[in-house]
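Given as structure tokens, the chain that follows is alone and in the form predicted alone.
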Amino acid sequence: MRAASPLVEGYPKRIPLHDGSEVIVRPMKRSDEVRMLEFFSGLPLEDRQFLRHDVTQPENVHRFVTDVHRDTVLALVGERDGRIVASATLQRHHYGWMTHVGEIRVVIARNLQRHGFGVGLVKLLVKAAIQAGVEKIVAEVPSNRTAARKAFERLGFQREAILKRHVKDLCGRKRDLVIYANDVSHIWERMESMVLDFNPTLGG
């Protein structure tokens, strides 16, 4: 039996909302497949249109739940009143020229958006990225998702690129896709400097 990743230690966690309530956040399990399908199927179409796969199809959700660990550092779900209300993943390539880069994706139920929950989820993913040795974190946000863009900016993400007219909304209008990035390599540089200060022999 494979040992649990250190990144899942300390879970479940509770993220407080602006109204004083909380959402439980824990690692996703394969037994979540049915509830994940219910969650994705219950999202408004405008919240699903920018996802990479049609997650209302059971076979796609099955593939996501069972295969997500191949390229995923951490996959989390938000849970409230026995229902899944959010999906958050940190993914990275395990081979090639982008092994130092992690991509985060967050999907939240409509009634929990704009309550501080998204910021809390992104914080957990950023912490996991740093623990996993990821040096750069990226996220893709359509230009009309103002709340999501502000959330990333509050957490130190910078607009690194804008792909003009790259995605379409429900009315067929083309929207820009904003690429956000957060370079966390400096955190590792500071940690390495601290180790060398306490143990100069490591620098030789």
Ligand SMILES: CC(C)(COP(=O)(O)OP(=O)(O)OC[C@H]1O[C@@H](n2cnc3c(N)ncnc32)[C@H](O)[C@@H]1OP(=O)(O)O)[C@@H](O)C(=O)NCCC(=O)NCCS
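Quick note: we count residues from 1 along the sequence shown, nothing fancier. Nothing here was measured: the structure is a model prediction, and the numbers come from that model.
There is also a form predicted together with the ligand; it is not shown, and the following applies to it.
Asker: Pick from Ile84, Leu124, Ile130, Leu112: which has a non-hydrogen atom within 4.5 Å of the ligand in the predicted complex?
Answerer: Contact residue from the list: Leu112.
Asker: Could you tell me which one of Arg173, Arg52, Lys164, Arg154 places a heavy atom within 4.5 Å of the ligand in the predicted complex?
Answerer: Checked against the cut-off, the match is Arg154.
Asker: So in the predicted complex, are Ser31, His62 and Gly78 all sitting within 4.5 Å of the ligand, heavy atoms only?
Answerer: Judged in the predicted complex, none of Ser31, His62 and Gly78 sits within 4.5 Å of the ligand.
Asker: Heavy atoms within 4.5 Å of the ligand in the predicted complex: which stretch among 52-60, 139-147, 22-30, 156-164?
Answerer: Every other range fails; the passing one is 139-147.
Asker: Even though the ligand is not shown here, does Ile104 get within 4.5 Å of it in the predicted complex, heavy atoms only?
Answerer: Yes - in the predicted complex, heavy atoms of Ile104 and the ligand come within 4.5 Å of each other.
Asker: Do Asp169 and the ligand share at least one heavy atom pair within 4.5 Å in the predicted complex?
Answerer: Asp169 lies outside the contact set for the ligand.
Asker: Heavy atoms within 4.5 Å of the ligand in the predicted complex: does Glu38 have any?
Answerer: Flag for Glu38 set to no.
Asker: Indicate whether the ligand has at least one heavy atom within 4.5 Å of a heavy atom of Met98 in the predicted complex.
Answerer: Result no; Met98 lies far from the ligand in the predicted complex.
Asker: For the stretch 108-136, I need every residue with any heavy atom inside 4.5 Å of the ligand in the predicted complex, listed N to C.
Answerer: Ile108, Leu112, Gln113, Arg114, His115, Gly116, Phe117, Gly118, Val119, in sequence order.
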